[in-house]
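Before any questions on how it binds or moves, here is one chain, the form predicted on its own, in structure tokens.
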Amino acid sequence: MIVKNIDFSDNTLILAPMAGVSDVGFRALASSFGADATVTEMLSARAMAHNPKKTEFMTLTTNEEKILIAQIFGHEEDFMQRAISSPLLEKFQVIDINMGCPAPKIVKNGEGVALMDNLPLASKIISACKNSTDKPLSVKFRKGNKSENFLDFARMCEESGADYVTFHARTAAQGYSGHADYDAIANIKAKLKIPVIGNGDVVDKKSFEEMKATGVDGVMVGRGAMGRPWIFAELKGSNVEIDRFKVVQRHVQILREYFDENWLKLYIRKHLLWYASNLPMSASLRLKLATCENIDECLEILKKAFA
């Protein structure tokens, strides 16, 4: 997939923007295992204008990442334009607009998937952003919020200047439950001239092939990568030896370069539990990981469990 001057490679694989998950360490690991592009967590356009320091840590990157994509969200044209011009986003090669987040606090503000109920405003935001950057611009959205208007919305994105779209084939009400509608993805791909990235339920080689069968130009992987950043190597059929404990160590090592231990010991717990999710661990061991106060002690627990 080639968008403007950016060559994503054939069978493009992208790590999804996941709030509280897609940190700088996790993105670096996904890239090292074959992710062609990575997306930041959602960046609030308004927050970037009023308190850029608060979002600065979410825009940290490493040399391991290949194509850098920053995802912004908001419902005000001026703040979205200002976000695109922020020095924080200078190093990113692609700008993505989130119009699919179903989180209640986001929807309540008229942002995320709520914009799918207001095509005129969504169009103005996309056009304003398009006019504010020479970088490729993408839009990520769902099947719909109050109604399943994904096809009309996709056409609007194309007409408003989006260079490609990413479609998570679930409604807002579904959240992350049920199954992604691959027929809907195929429908959008057949109707649009711009590239389409498919998103939803890609967790292994079988589901990856099913997604590719829709004709999409690329595949975005989200929850399937949680605790398994090496999934990209598996999907590409790469013969890579996976030492799970070394992966966890590397994740912690990268984060320690940027964050203090007191913050990190609380943040890393969920990642450690995801890394351990497929292990036959007792409830007491999981509790230790969930409540650990010393990262190195938690790493020792995992090391023994992985052995």
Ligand SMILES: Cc1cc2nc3c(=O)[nH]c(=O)nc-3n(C[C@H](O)[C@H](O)[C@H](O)COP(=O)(O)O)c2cc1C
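What you are looking at is a predicted structure, and each value in this text was computed from that prediction instead of being measured. Throughout, we count residues from 1 along the sequence that is shown.
Heads up, the form predicted together with the named molecule isn't pictured, but that's what we're talking about next.
The chain is drawn here without the named molecule; in the predicted complex, the stretch among 247 to 255, 24 to 32, 37 to 45, 234 to 242 whose residues come within 4.5 Å of it by any heavy atom is 37 to 45.
Contact with the named molecule in the predicted complex, judged by any heavy atom within 4.5 Å, is made by just one of Pro136, Gly144, Gly222, Gly227: Gly222. Residue contact with the named molecule in the predicted complex: Ala19 places a heavy atom within 4.5 Å of it. Using a 4.5 angstroms threshold between heavy atoms, Gly74 stays clear of the named molecule in the predicted complex.
For the chain shown alone, Asp201 is a contact residue for the named molecule in the predicted complex, at least one non-hydrogen atom being within 4.5 angstroms. Contact annotation: Asn98 falls within 4.5 Å of the named molecule in the predicted complex, judged by heavy atom distances.
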